[in-house]
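Next up: a single chain in structure tokens, the form predicted on its own.
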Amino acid sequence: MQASDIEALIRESFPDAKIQVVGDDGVHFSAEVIDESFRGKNRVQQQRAVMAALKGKMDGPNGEIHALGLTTKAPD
């Protein structure tokens, strides 16, 4: 899996978001997702929404993504 693949999955659920995904080993990534839909939601709610967008790619020991550092927020 590449960073661009993760960005594409997130973009399906958050088409207007500012998304930056980095990571070059294929299993460890970090992502920042800034989207208006996060306004009024706490960080847990925001991050759960992003995790749902990954459609199981992080599920269990056989997931394609081993680690994802995630930063989410509403635009300033």
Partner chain sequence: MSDAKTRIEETNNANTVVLYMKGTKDMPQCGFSSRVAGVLNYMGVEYADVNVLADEEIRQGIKDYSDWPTIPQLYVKGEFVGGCDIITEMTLSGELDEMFDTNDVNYDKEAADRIREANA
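Treat the numbers as computed from the prediction; the structure is a model and nothing was measured. Positions refer to the first chain, counted from 1.
Heads up, the form predicted together with the partner chain isn't pictured, but that's what we're talking about next.
Asker: Any of the heavy atoms of residue 22 lying within 4.5 Å of the partner chain in the predicted complex?
Answerer: Answer no; every heavy atom of residue 22 is more than 4.5 Å from the partner chain in the predicted complex.
Asker: Considering only heavy atoms, tell me if residue 48 and the partner chain come within 4.5 Å of each other in the predicted complex.
Answerer: Residue 48 belongs to the contact set for the partner chain.
Asker: Give a yes/no on whether residue 41 approaches the partner chain to within 4.5 Å in the predicted complex, heavy atoms considered.
Answerer: No - in the predicted complex, heavy atoms of residue 41 and the partner chain never come within 4.5 Å of each other.
Asker: Does any part of residue 75 reach within 4.5 Å of the partner chain in the predicted complex? Heavy atoms only, please.
Answerer: The answer is no: residue 75 has no heavy atom within 4.5 Å of the partner chain.
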